[in-house]
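Before any questions on how it binds or moves, here is one chain, the form predicted alone, in structure tokens.
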Amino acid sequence: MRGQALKGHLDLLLLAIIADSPKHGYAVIEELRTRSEESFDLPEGTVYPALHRLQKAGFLTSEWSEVQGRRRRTYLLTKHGHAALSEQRQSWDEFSSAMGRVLKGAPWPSTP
């Protein structure tokens, strides 16, 4: 899927992925790819800066751990992150519904 289509929705996607359970960056990328049936195959250079931005905004926190000799940062939603996710989900539902109504269209009026 084209990157432009995700513009403005990346935060919502990342928060939704992490809301289910804490995840490290690569697991976020893999889960996003899996849930979207490979439509959202985002590069690390897109996802990691967004995770850092969400953490700086207070929506995520992170913990470092060591797994098989490698350091790994795991991201978790904060209280503010859960609130932001809820708000963004509601906004998405409204936007998606409105788009559906417009794209469905209405029958062309018949002329007498």
Partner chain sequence: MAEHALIEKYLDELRHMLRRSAEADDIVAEVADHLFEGVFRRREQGLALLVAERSVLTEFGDPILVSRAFASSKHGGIAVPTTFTKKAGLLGIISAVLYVGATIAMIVDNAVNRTGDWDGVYYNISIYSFIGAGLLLTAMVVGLNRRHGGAIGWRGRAAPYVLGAAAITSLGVWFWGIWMSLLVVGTVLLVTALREHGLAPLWAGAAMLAGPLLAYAAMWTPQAMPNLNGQSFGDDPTIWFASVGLLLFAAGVYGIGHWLYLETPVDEPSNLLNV
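Positions refer to the first chain, counted from 1. Note that the structure is predicted; figures quoted are calculated from it, not measured.
Another form, the form predicted together with the partner chain, is not on view; read the next lines as being about it.
Taking the partner from the other structure, the partner chain in the predicted complex has no heavy atom within 4.5 Å of any heavy atom of R101. Using a 4.5 angstroms threshold between heavy atoms, K56 counts as touching the partner chain in the predicted complex. Shown alone here, F40 lies farther than 4.5 Å from the partner chain in the predicted complex, counting heavy atoms only. Proximity of K79 to the partner chain in the predicted complex falls outside the 4.5 Å heavy atom cutoff.
In the predicted complex, the residues of 83-99 lying within 4.5 Å of the partner chain by at least one heavy atom are, in order, A84, E87, Q88.
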